[in-house]
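To begin, one chain is listed below as structure tokens, in the form predicted alone.
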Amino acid sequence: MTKQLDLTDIQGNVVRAYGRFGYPVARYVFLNIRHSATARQFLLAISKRVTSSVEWGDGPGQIKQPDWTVNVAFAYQGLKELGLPRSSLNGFSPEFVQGMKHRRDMLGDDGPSAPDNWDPIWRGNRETREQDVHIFISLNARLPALMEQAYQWLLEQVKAHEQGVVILSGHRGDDGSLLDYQDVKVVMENGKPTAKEHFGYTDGIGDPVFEGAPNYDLNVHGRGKQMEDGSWQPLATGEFLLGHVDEAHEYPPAPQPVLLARNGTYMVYRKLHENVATFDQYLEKHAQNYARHRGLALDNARELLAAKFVGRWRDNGAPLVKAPDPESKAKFDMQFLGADAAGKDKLLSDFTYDDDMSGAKCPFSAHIRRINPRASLQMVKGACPGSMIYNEGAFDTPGALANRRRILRRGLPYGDVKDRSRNDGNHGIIIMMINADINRQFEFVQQQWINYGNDFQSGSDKEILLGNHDADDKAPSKAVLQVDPQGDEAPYILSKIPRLVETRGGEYFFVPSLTALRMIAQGVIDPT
């Protein structure tokens, strides 16, 4: 390891996606500050229980893995209420200051995703001071019963400081009920926990790896940055943590003093409702056309088409660049079944688009290609119509256009799909994205790569799953499934793509280090 991070100072949810570390349930609670000094006392009390990124173990001198975790973050309005000096507040990024609701045009939160349709807690946020979301507290637990234990602990802390903080209600639950918290949990299949979301795809396989993170050397293949010699290196720490050098060999913009920012980061919280009925109906309709187009059996066509939406097969996450059709998928499955855990992980994550620059295997509008295009954006048009070739020597590193747009993924699905023929159930995903620069990373990806396709030579084609599609006949969304430019097959066009995912709320948060959290709680932030 070339860089040592102070893991005792970094909050645990920055380094760990808790769902993959044995915490299948979580509860997110949001508070409003009513009295600044008492709110700081509340923070001081809970700061003693906040979970760091320190490595766990059962050996002598090691810290045992907790039954439940606690992590804290602040919206800009919350930092103001806690009394941070004006000069420190001025150092936070403009988009964090403005908040997600007021960035809706940039984010494409229109139509059914517009703030008027968000959960009441998010509709009220930034409208009146009493409705503002100030503090975010996340609880993750190893069992549902332990989650209740954690929540009771939090309620006791709130009650002990009830003059200072109140829990905000307004999260939509089942049957239209409004709750004081947002519950999330892993999706179960045949009684077993999975890493899937409600459309059936495995989530979070390609989560980035950065320098200094525990075991990064074991997980770097396909998750770090692609090098000229074909190897992989971890991304610079400063892409995800303030106070560290980023991929531009600079420190990302951050507030002062240094101790307020260092080892902290920004978190994007979004509640995304999944229209499962629309997804199933659209997939089935096009599966029949795609079966005729490709000469495939309907079942094979359906699953291949579903894989084209995301870039991975739904059953085991096999990437299309390694298994582009049913025949190669069958061979991949045999290899996958015989591999150990490390081998399976390498099969799923260790790939590039070097041999698929024209998108014939993984389409340009597929989810994983838009979120992390690896080194595939360094392309120019080839001599053969429809072909793209690598633009060798155009950049210092193969992933120069993508390495500064990476985002750590956190969060879990919410709700149960009780009736797949209806969209109006309480089901979706809470996604929390961690990055050092909200505008350069999350907002760029959301605006330019999800809701627009020019960087992928795809005009206005949006990302298939998350794009803010408009099925209006005047401007219907489409996506082209590319084919081998040297072959005889015609491209397949996904026409009139409906809105598959709708935003139901969210906000931008600052996740402080443990040092900064204690300083905020003690009211000793001094930028001079």
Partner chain sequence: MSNIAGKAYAMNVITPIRWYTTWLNKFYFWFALKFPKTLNGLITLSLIHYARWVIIGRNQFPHLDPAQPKENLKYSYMMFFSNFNGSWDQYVDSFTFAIPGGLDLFWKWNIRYPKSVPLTPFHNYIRYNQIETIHYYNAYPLAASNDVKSAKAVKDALIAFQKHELDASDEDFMKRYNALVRGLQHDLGDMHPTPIISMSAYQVQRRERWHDGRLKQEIEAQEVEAQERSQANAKGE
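Numbering follows the first chain given and starts at 1. A quick note: this is a predicted structure, and the numbers were derived from the prediction, not measured.
Another form, the form predicted together with the partner chain, is not on view; read the next lines as being about it.
For G206, no non-hydrogen atom is located within 4.5 Å of the partner chain in the model of the complex, even though that partner is not displayed. Although the partner is absent here, P385 is a contact residue: one of its heavy atoms lies within 4.5 angstroms of the partner chain in the model of the complex. Contact annotation: D455 falls within 4.5 Å of the partner chain in the model of the complex, judged by heavy atom distances. Within 4.5 Å of any heavy atom of the partner chain in the model of the complex lies no heavy atom of Q65. Checking 101-109, 163-171, 197-205, 275-283 against the partner chain in the model of the complex, the stretch whose residues place heavy atoms within 4.5 Å of it is 101-109.
For the candidate spot formed by R405, V480 and E489, every residue has a non-hydrogen atom within 4.5 angstroms of the partner chain in the model of the complex.
Though the partner chain is absent from this view, in the model of the complex it lies within 4.5 Å of a heavy atom of just one residue from P253, G83, P144, G343, which is P253.
Exactly one listed residue, out of L178, A339, L89, A394, brings a non-hydrogen atom to within 4.5 Å of the partner chain in the model of the complex: A394. Looking at 496-510, no residue comes within 4.5 Å of the partner chain in the model of the complex, counting any heavy atom.
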